[in-house]
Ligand SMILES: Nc1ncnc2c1ncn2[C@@H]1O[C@H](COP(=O)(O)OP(=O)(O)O)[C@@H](O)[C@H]1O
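Encoded as structure tokens, the following chain is the form predicted alone, with no partner shown.
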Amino acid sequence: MEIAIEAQALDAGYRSGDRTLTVLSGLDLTVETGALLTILGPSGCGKSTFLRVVADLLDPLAGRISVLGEAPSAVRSRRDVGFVFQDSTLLPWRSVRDNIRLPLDVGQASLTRRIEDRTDDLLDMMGLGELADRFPHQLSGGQRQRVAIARALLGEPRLLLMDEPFGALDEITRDRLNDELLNLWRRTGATILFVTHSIAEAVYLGERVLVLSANPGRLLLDHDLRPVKQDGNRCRREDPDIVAAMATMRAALELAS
């Protein structure tokens, strides 16, 4: 079994002068390569903070973390990690095509591997071909998030981090993008960590669901959903086992708050 992420006694948070704010404490976690892990928890429990540590955007306060068998900084230098935020963070003066190509224009000199221009392939993969020359203000929220995902995939990252990427979308658009994300995961084989506040989304997407408690964040529940899903992490939202899993997550979240 290959390991994509391994954390041992990990503390994460923020330092300001002599003060330290510990947001996430004592996390022990192993994520297999190719897994789709969803993370639930109340605000302030460290969900986003953990993603930032994995992406080498934040140093741990204590403990150890390895990403793809190396320090997060080594993985970041190769752009083996893609990050998608709740806000699509598109540049308004760049077209869809040029927003996707942004990683080719920024920071190339510091990379330790060459990134190929796969823009056309990604436009097709994400159903954006007819929108390639539009600008962000001409897109719907769902379309903007597709562009953000395509941009994150440009370097063919082995690990994709997603921080509430569909949180601001309506339910129908969100469900549709959930299905598109599952198809994308099956095609690429990437390891995905997906943060959400939606119990239904976490259970539908995840092979495993983590529930974190708050103040500081700690791992409360690690629930394996593979036994109740078909091959390829397939399920129906109304399956009794899925509904039961959502009830389990809700009970855990009530304890976490």
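Computed from a predicted model, the values in this text were never measured in an experiment. Start at 1 and count along the sequence shown; that's the residue number.
Separately, the form predicted in complex with this ligand exists; it is not shown, and the next lines address it.
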| property | result |
| --- | --- |
| 4.5 Å heavy atom contact, Leu205 and this ligand in the model of the complex | no |
| This ligand contact in the model of the complex: Gln230, any heavy atom under 4.5 Å | no |
| Proximity of Cys45 to this ligand in the model of the complex, heavy atoms at 4.5 Å | yes |
| This ligand contact in the model of the complex: Thr49, any heavy atom under 4.5 Å | yes |
| Answer range among 218-226, 186-194, 36-44, 59-67 for contact with this ligand, defined in the model of the complex as heavy atoms within 4.5 Å | 36-44 |
| Heavy atom contacts to this ligand in the model of the complex at 4.5 Å, residues of 2-35 in sequence order | Tyr14, Leu21, Val23 |
